[in-house]
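There is one chain below, alone, in structure tokens, taken in the form predicted alone.
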Amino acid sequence: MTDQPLHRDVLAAGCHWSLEVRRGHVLRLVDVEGGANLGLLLYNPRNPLERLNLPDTLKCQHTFRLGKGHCLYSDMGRVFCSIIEDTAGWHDAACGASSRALVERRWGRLDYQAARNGMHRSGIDGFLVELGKHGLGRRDLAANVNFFSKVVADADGALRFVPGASPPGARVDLRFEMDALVVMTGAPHPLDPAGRWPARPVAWEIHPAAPPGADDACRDSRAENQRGFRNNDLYHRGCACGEAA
């Protein structure tokens, strides 16, 4: 991975965007001010029926949160991307995206006519706007990752958002193992207890990346990940059958 990005941009606070990231590239996400939340979904751009599967991602890696060394799986048993660097240390994969009703109840209604790009957008609305650009819609929504957000469980199993868990400048590097449509929203986390609209900007960069080496930490962290990478290899050789779980 080179220090000089091929492209960089900033997702303004609460806004949404989508792009295709090709295999062999890194998508770097940076929490510019600290306290950001970036909701993210993944789809196979050649077959959007293949999409991010967080239940399988968590189950096969025996984890509740995501961080360095973890992989993000598709529902076909392949690896969309690997988390090869992470200075935030904790990314929520259990709580989904905020709804319009939740946003209005917690932070009030503020529309484009009143606030222009400072309007209050929900995570689901942001995803739907971007999915519509690619011929997808509500039925294509799936469980999303919330990068830079930390959620813990208390003794009774209730989930609690941890404010300020991600410091300014925290970053996460996603190395893409197959081409992917990336859909992003910067709407606040649905459990964020802040009294004022807490959306923050997130910078993103695209870098070329070297292929996984012989001792790749993400691929070799679990036998399940090695199988996912073998499924990717079969897919890229033109055989989409994959190995049985």
Partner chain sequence: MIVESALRPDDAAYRRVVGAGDYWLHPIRAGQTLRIVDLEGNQAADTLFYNLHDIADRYSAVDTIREQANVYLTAGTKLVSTGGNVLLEIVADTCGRHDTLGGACATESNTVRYAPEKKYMHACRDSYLLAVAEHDRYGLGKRDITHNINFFMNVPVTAAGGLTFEDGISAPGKYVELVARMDVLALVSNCPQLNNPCNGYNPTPIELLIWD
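This one's a predicted model, so the numbers in the text were calculated from it and none came from an experiment. Rigid core: the largest C-alpha set superposing within 1.5 Å between the two forms. Residue numbers count along the first chain shown, from 1.
There is another form of the same protein, the form predicted in complex with the partner chain; it is not shown, and what comes next is about it.
Comment: the partner chain is not present in this chain, but in the model of the complex one of 213, 55, 193, 67 has a heavy atom within 4.5 Å of it, namely 55. With the partner omitted here, the residue from 76, 88, 72, 103 that has a non-hydrogen atom within 4.5 angstroms of the partner chain in the model of the complex is 76. In the model of the complex, none of the heavy atoms of residue 165 sits within 4.5 Å of a heavy atom of the partner chain. Contact annotation for residue 125: none of its heavy atoms lies within 4.5 Å of the partner chain in the model of the complex. The partner chain is not shown here, and in the model of the complex it never comes within 4.5 Å of any heavy atom of residue 115. Although the partner is absent here, residue 219 lies well away from the partner chain in the model of the complex, with no heavy atom inside 4.5 Å. Contact annotation for the candidate site: 20, 121 and 236 all lie away from the partner chain in the model of the complex (no heavy atom within 4.5 Å).
With the partner chain omitted here, the record of contacts in the model of the complex names 93-101 of 165-173, 80-88, 93-101, 107-115, defined by a heavy atom within 4.5 Å. Although the partner chain is not shown here, in the model of the complex the stretch 139-170 places heavy atoms of 139, 140, 141, 143, 153, 155, 156, 157, 158, 159 within 4.5 Å of it, in sequence order. Superposed on the core, the two forms differ at residue 154: its CA moves 2 Å or more between the shown form and the other one.
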